[in-house]
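A lone chain, given as structure tokens: the form predicted on its own.
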């Protein structure tokens, strides 16, 4: 079993520590600091996110997505063909994103996440996984003012992000996480989703895991695990019916399960015993050595103290699980 973070981490520390990132972001907007000075603050806060994950004892970490404005804008700003519009709610959370607008042909210009990945890996004694917002979610949460069909936008974004994954290939990451929560809200788009995933993964050598959250994978899981991915992540907090999905559809023995069982949107800290019971239950469907234990989604919704406590709890659960299986 691996313990892993899913993605984002709080940028703002708990009081009385100063919120360097927020202060710097406000100064950047007012023109009081340069983009390079802001980048230095992002570096420092990224190191804090890495430190917390390493100190918590995670097996596989992320860079905390400190540099991401949000999961949509971070990629759309750097792809040709998009402009950025007003604020929209990110699913049913209290987090907002600036909605991308496809106004021309979408294409990849240059690496988006490679430098971030290099920075994180060079400062981490633990393996780091880069995270990429998937083409379906990026397209579904954007406006389309250029393409005749929504499907054309999705496939154009998939081909563009395929170049990003190929650029990451050169860095030999242990695994790349692709986030696709939006497909859970639009199950009828499964054929299009399959086509987009084929375009996204064409020629990609790095192992890829596909993560969903904010819902359950009813009617989708069988198709998701058939994709050329190493594993699939499921949210068992916002998607408790995923237990029924596993009962009905099973889980293949050659895939990893991203087991999102710690609530990423609630400060309540699960007990070790609660998580062990959930592990015992999930092991009816997938062997423990193929479980990636983590939070249900990114942790940016929590105060930093609560977020780190969730990560520490993952390691405590793993140690307890090892004791139980001896």
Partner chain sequence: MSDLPLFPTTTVGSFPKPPYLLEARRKRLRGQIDPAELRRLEEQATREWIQRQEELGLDIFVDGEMYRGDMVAYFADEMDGFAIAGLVRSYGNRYYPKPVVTGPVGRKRPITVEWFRFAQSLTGKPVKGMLTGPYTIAEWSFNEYYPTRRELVLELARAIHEEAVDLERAGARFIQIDEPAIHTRPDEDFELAREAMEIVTDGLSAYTITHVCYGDVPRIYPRMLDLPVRQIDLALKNEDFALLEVFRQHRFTKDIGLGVIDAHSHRVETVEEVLDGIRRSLEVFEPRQVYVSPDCGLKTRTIDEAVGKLASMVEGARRAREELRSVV
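What you see is a predicted model, and the numbers here were worked out from it, not measured in a lab. Positions refer to the first chain, counted from 1.
Keep in mind the form predicted in complex with its partner chain is missing from the figure; the text below concerns it.
Residues of just one listed stretch (293 to 301, 270 to 278, 47 to 55, 254 to 262) have heavy atoms within 4.5 Å of its partner chain in the model of the complex: 293 to 301. For a residue to qualify, one of its non-hydrogen atoms must sit within 4.5 Å of its partner chain in the model of the complex; all three of 26, 69 and 96 qualify. Under a 4.5 angstroms non-hydrogen atom cutoff, its partner chain in the model of the complex has residue 92 among its neighbouring residues. Residue 22 belongs to the set of residues with a heavy atom inside 4.5 Å of its partner chain in the model of the complex. The closest non-hydrogen atom of residue 37 lies beyond 4.5 Å of its partner chain in the model of the complex. Within 4.5 Å of any heavy atom of its partner chain in the model of the complex lies no heavy atom of residue 170.
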